[in-house]
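Taking the form predicted on its own, here's one chain by itself in structure tokens.
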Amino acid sequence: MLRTQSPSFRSLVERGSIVRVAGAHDAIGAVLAQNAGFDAVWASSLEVSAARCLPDASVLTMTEYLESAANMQKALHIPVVADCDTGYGGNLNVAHMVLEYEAAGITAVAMEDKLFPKMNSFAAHDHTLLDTEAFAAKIRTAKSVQSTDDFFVIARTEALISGLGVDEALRRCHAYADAGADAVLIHSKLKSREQIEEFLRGWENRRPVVVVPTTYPDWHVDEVERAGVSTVIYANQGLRATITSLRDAYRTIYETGSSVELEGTIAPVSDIFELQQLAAWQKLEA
């Protein structure tokens, strides 16, 4: 089938078992994540901006991010969770974002409580946060304009990224839950998961919790689930693997003068045809 109906992200969260999500920036990467068995795809703002060789710093517009997320969703039979940074501005921008993403078939978005324009969490930068009540107002706005009960809003706090500590992260997330957030995302750039586990102990399962274990990759998914996490996002490993593979492949071709050394290790063209659903398209021409 050239197009299939995807389940909502909410339905995955409500089934009770941990939801595993992989980051992508285009449809072919999203389909590869789906084929590997992931439950959903994260339309990563880092990956989408990096694919344009631009910084993850609110340089691209909402329309550009939406186009990437929508192209992924059209190719999938699993849901896309869209990384929507700060909501692309103020409350009116948030309302516009929700209406447009929902109309494009995206059933979940995540917003973070940084000031607009934001800078990627792992970049050396002053990660100043928006006032708690101001961000809670964004959450209320998002929930007030959604068209269906299925639409899922994830409130991401950058309190740990900003060095404000677990107590502040808990305080903010409770306020965001009060404002109607369907889940909270707690993020850290430390190389251990200690802060995240402390947060989980203090949270008491009030709303589903999302984690992104980029800097603490040794946290096995079974341990993540036992700790009380609802969703785990592997946000940028696909892009990083792509960079390594392309760098090595291009260097090999250039240095050896041919591609013969690669042919046994790279995908055949038939794999590309399969991902494109070429046979199904050809049937339409018969």
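All values reported here derive from a predicted model rather than from experimental measurement. From 1 onward, residues are counted along the sequence shown.
Below, we turn to the form predicted in complex with a small molecule, even though it does not appear here.
Q: If you check in the predicted bound form, is S121 within 4.5 Å of the small molecule, heavy atoms only?
A: Looking in the predicted bound form, residue contacts with the small molecule include S121, since a heavy atom lies within 4.5 Å.
Q: With a 4.5 Å heavy atom cut-off, would you call A235 a contact of the small molecule in the predicted bound form?
A: A235 belongs to the contact set for the small molecule.
Q: Would A40 count as a contact of the small molecule in the predicted bound form, using a 4.5 angstroms cut-off between non-hydrogen atoms?
A: Contact with the small molecule, no.
Q: With a cut-off of 4.5 Å between heavy atoms, is V229 one of the residues that contacts the small molecule in the predicted bound form?
A: Although the small molecule is absent here, V229 would stay clear of it in the predicted bound form, with no heavy atoms inside 4.5 Å.
Q: Mind telling me which stretch in 250-258, 219-227, 27-35, 42-50 gets its heavy atoms within 4.5 Å of the small molecule in the predicted bound form?
A: Answer to the contact question: 42-50.
Q: Just give me the single entry in R156, R193, K138, R172 that has a non-hydrogen atom within 4.5 angstroms of the small molecule in the predicted bound form.
A: Contact check passes for R156.
Q: Kindly indicate whether D56, D83 and H187 are, all three, within 4.5 angstroms of the small molecule in the predicted bound form, using heavy atoms.
A: Looking in the predicted bound form, the three residues D56, D83 and H187 all sit within 4.5 Å of the small molecule (heavy atoms).
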